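First, one chain by itself in structure tokens, the form predicted on its own.
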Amino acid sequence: MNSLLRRFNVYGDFWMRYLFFAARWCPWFLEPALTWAMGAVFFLALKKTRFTVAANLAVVRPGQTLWQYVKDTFCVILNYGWTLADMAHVRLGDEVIDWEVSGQRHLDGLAQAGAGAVILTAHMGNYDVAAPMFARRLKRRIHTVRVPDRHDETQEFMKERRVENNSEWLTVHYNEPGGMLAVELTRLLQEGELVAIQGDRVLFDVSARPAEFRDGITWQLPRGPFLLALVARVPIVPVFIVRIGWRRYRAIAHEPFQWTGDPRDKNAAQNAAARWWSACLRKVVEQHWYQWFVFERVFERQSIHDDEES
């Protein structure tokens, strides 16, 4: 009985199976109504998630009224539902997504064969859909890094969907506890491959580095992308995916970062990278807060100490 009920948990595979079933059979003109309805159901049912999203928004968008935070939280959950629906369509082989790119000049270097880079992004827009699109346009293989789903049944189901929708230009790596993924990714970068990582939240045993969001407030950022880029001596290219309408997305690229100081000074290099990424990420999150899909508390009200050991 516990195993059965577990599948109906918010992280259970029932909801993902339902999502793919609806994407396959629901008429397109009913999809907006169904998405709104399911967004409302999850908004009302997930009390802890509501409070967590509202707490994050209170830092990102301070000074709002309580009613505004309620509406903003629903907006985040609803947009997340839209991106999941679009992801399901793509996994089913539907060519329904339109793309546009902002900051193309920052991406030009990625098209050069043999030039490795870390593509750093956030839980925004539609990361799952954007990665294969970028790989096809660049005509270069992209290695994406994912945290495994929290339930084994969900993880297995989603892995099957990714295999069915597999691309010759895309390889998915799972950051599982106790693995040697960092070694493998470093090797790939040194061989001139592209590695895409989400760098806006810390889960499970991922090593964290605190960074200042604003005076008196810090957030935890994953240390891995900064260390990978330092060891492999490759640039970090920030790319954010934003949903701008019905099945339409924009990829926004920013100025790359590469440590030019002493490569042996890992602490200084990681501090510089964390400060740069924090400023870049903060700007995008503040502008596109309604598409920042982080459902864990990420902010702490304390001072940051830069004398942390690497």
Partner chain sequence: MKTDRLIDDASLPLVRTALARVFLPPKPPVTPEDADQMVAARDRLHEREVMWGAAFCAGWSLIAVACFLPWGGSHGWWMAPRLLLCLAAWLPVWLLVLQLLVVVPGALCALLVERRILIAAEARLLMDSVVLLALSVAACVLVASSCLACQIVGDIWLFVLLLEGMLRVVLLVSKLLK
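Keep in mind it's a predicted model, so treat the numbers as computed, not measured. Numbering follows the first chain given and starts at 1.
Separately, the form predicted together with the partner chain exists; it is not shown, and the next lines address it.
The stretch in contact with the partner chain in the model of the complex, judged by heavy atoms within 4.5 Å, is 94-102, chosen from 94-102, 181-189, 121-129, 69-77. Contact with the partner chain in the model of the complex, judged by any heavy atom within 4.5 Å, is made by just one of Lys266, Arg282, Arg50, Arg250: Arg250.
Only one of the listed residues (Arg233, Arg137, Arg214, Arg141) places a non-hydrogen atom within 4.5 angstroms of the partner chain in the model of the complex, and that residue is Arg137. The partner chain is not shown here, but in the model of the complex it comes within 4.5 Å of a heavy atom of Trp82. In the model of the complex, the partner chain stays beyond 4.5 Å of every heavy atom belonging to Ala45.
Taking the partner from the other structure, the partner chain in the model of the complex has a heavy atom within 4.5 Å of a heavy atom of Ala23.
Contact annotation: Pro27 falls within 4.5 Å of the partner chain in the model of the complex, judged by heavy atom distances. Contacts to the partner chain in the model of the complex (heavy atom within 4.5 Å) from stretch 30-62: Leu30, Pro32, Ala33, Leu34, Ala37, Met38, Val41.
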